[in-house]
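Below you will find one chain, with nothing else, as structure tokens; this is the form predicted alone, and questions on how it binds or moves follow later.
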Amino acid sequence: MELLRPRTIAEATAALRDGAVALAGGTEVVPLLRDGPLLAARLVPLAGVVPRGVDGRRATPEAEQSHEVGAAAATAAPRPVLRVGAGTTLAELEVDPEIPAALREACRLAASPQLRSMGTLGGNLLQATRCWYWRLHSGCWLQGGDRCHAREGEHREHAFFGNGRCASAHPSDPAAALLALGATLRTDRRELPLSELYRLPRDDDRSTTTLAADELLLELEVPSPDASVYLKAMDRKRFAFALVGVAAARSGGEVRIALAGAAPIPWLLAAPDALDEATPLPGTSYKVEVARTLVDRALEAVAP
């Protein structure tokens, strides 16, 4: 296996055009290479290329504009936004007091201290499904096969939304927190809301993200809400993937709710009663009730 060492973003994206695999913290890529679901002839380390760290607060354009129109608007404080490098580790984010509470807690509850000290935010957002059928390289639908083995087999940890073709559940805690916070992304070629990074897989394209193979996630802009929280139900008290994770963020009169462990992608819940529209499999019905309880607790936590 060849190890390439790009010095610039341009060199990194050029290397990735040849089908190489990007390597950030390695907590996801290395096990996948070891176990077989991921094959790579070349690795492209991104340390020193992708930004790392948290920039100071700045006002959102909306807040700046509101400062300029009307006496009432002029008294409103600008809503601050943090710029977070995609190479920032989860361990760095969980202890930064400037980071919104939901994201700090989502990072704190993700994996073990050792993995959080290595794993990057960008890598965490782009991690592969934990579905055991996919990880066993079983030729499931997500890998190009003709059926989802989880729908017919063991699926206690799987999805209860968006699971018509693939029943895998997205494992990222920070992704749910950032979705509730209304974060936006910057890649080497575009800016987009976090919600547009993900999409449900289709027959003609079974990827769960909209990133091109040679596109690099560089940084995120994270608004600071009035209040936010992340709650997580796990099989163990710590160091386990979410059976259900619930992030809630209140900004002004709006509360956004997002779920982890609920769908093949992080899932934005339109309203608490949208849980009535869930499509659980026989083994995941319990997750809907867990989600109801966590949503109620999250709403209570962020209430004015």
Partner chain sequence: MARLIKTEKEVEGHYTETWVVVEEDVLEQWPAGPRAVVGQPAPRIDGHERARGEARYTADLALPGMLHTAVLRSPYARARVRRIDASRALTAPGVRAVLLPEGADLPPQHAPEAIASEPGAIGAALAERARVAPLTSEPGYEGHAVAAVAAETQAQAQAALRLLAVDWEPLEPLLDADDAVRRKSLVSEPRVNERGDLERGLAEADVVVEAVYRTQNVLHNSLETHQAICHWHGDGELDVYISTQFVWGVRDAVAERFGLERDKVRVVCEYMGGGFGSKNGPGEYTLIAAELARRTGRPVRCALDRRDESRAAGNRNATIQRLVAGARADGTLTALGGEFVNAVGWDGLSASTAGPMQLLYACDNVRTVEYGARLNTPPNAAFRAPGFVEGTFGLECLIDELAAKLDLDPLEVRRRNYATTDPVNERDYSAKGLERCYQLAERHWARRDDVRARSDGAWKRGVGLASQIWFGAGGPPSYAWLRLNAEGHATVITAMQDIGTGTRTAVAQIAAEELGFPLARVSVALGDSARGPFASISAGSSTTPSMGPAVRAAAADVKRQLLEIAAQRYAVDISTLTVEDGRIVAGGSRSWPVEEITGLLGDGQLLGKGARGPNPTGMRVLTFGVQVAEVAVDVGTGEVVVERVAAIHDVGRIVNPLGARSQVEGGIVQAIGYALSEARLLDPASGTVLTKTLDAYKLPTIADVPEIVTEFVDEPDPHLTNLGSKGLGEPPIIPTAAAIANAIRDATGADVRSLPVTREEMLRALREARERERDRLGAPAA
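Residue numbers count along the first chain shown, from 1. No experiment lies behind these values; they were computed from the predicted model shown.
The same protein also has a form predicted in complex with the partner chain, omitted here; what follows describes it.
Exercise. A278, V49, L268, L243: which sits within 4.5 Å of the partner chain in the predicted bound form by any heavy atom?
Worked result: If I apply the 4.5 Å criterion carefully, the residue I get is L243.
Exercise. With the partner chain left out of view, which of A213, A227, L136, L200 would have a heavy atom within 4.5 Å of it in the predicted bound form?
Worked result: If I apply the 4.5 Å criterion carefully, the residue I get is L136.
Exercise. Should L294 be counted as a contact of the partner chain in the predicted bound form, where contact means heavy atoms within 4.5 Å?
Worked result: L294: contacts the partner chain in the predicted bound form.
For this session: Spell out, yes or no, whether the shortest heavy atom distance between R189 and the partner chain in the predicted bound form is within 4.5 Å.
Result: No, no contact at 4.5 Å.
Exercise. Quick one: does D146 come within 4.5 Å of the partner chain in the predicted bound form, counting heavy atoms only?
Worked result: Outside the cut-off, so no.
Exercise. Would E11 sit within 4.5 Å of the partner chain in the predicted bound form, counting heavy atoms only?
Worked result: Contact with the partner chain, no.
Problem set entry | One stretch from 80-88, 191-199, 178-186, 128-136 that, in the predicted bound form, holds residues within 4.5 Å of the partner chain by heavy atom | Within 4.5 Å of the partner lies stretch 128-136.
Problem set entry | Partner contacts in the predicted bound form for 143-157 (non-hydrogen atom within 4.5 angstroms of the partner chain) | E152, G153, E154, R156, E157 sit within 4.5 Å of the partner.
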